[in-house]
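Next up: a single chain in structure tokens, the form predicted on its own.
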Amino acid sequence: MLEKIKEVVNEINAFGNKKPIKIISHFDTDGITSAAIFSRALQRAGIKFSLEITKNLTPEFLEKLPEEKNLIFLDLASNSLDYLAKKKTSVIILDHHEISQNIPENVTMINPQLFGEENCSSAAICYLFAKTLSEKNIDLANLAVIGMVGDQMEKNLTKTYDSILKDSETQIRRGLLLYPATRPLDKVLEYSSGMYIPEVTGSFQGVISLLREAGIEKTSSGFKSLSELTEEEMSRLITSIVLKKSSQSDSPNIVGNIFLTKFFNKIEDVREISALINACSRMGFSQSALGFCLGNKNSKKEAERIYTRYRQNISSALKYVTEAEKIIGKNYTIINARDKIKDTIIGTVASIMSFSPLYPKGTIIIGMAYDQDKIKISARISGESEKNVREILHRAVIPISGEVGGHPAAAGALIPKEKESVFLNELRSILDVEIVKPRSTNV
């Protein structure tokens, strides 16, 4: 893959100023960090370009792309090759998603799946490109780490990531997977949406009781943060939480690597940075997220304000889900929110639900929300499972001219709104008979 990256570096250098470059990147955390890394590297090299962030590649979007420019796609386009084959221009794709179509002659692709290598996020691929372009771009390594966490690839660290983590000087410690790990522990426990702890989440008194049981005392300046706990304190806290949860089998899901990196000259929890970037895009402010990644102080202030509004929207969405009627089967739950939840946050809502103790391990969560004349669909799995939700969506969506993307454990789709009933009937038929393929190991 590194040899192919060198070829792309030479190809982009050969473009010169003869034909302008247009970069198109995805709007999630991995896409935004990819765009930040790639654009900063080109800027430093004196290569002119324009940049656009997009939610998805619809046929209409692809048809409008200019042929008088060289096109570079980051964190998307692996499933749009048939459309790109029609473009009379050079196309470069840096992506890691599944490739389901033949690669056209006008497309140069860097994707770990083509080389039989360990999977990594698009931000990691963009960082390898940037570092190949110039060793001076080593300062962009922390953005690649944020992209890694944003795409949930931190559980199995590969050789590629070992190298990137070293370049970024990221600190890693084993501990409770609550974020931000740099904020006072009492507040993090009380307001956590990613980990539900019975009698603790949402309860100040429950938090104080838990910390007392774990032997973690309040200091003169308040409670410590997770990153400040000693190994012994961390161990006691984890034990206390496991005892609060319904079963010991839940404990592996609450413990993992905590990543701490320097951002705006301050040590921050990478998960929190990732969540903030993601929130900006989902609220329609991708440019603020990009500016934040590039170190703009005004963008940082704006991003923090957007993040606050985003969390308020999530709270309202979760309240709606609690009260709304659902389609419930033996191994699945479908929430058809229609226009009650923004299409850009339905995936986040589905993810939070998948961590809830209300859904047994292996339960498939499907969220649906209107997106103008289309319906956005997000699928998640509760706990560890061999089920492949991307394959499930593919079977239900492709026959009705929809689009599918994502991964075995977290996938998304887009279908025409008029196909809503047809999709639901087909989806339920597939789920009810449990025709589910095992999760692929190389996606």
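Here the structure is a predicted model, which means the values were calculated and not measured. Start at 1 with the first residue shown and count on from there.
Beyond the structure shown, there is the form predicted in complex with a small molecule, which is absent from this document and is the topic of what follows.
Contact annotation: of the candidates L51, A410, I400, I47, the single residue with a non-hydrogen atom within 4.5 angstroms of the small molecule in the predicted bound form is A410.
In summary, among the residues K55, K376, K387, R40, the only one with a non-hydrogen atom within 4.5 Å of the small molecule in the predicted bound form is K376. Proximity of G347 to the small molecule in the predicted bound form falls within the 4.5 Å heavy atom cutoff. In the predicted bound form, at least one heavy atom of V404 sits within 4.5 Å of a heavy atom of the small molecule.
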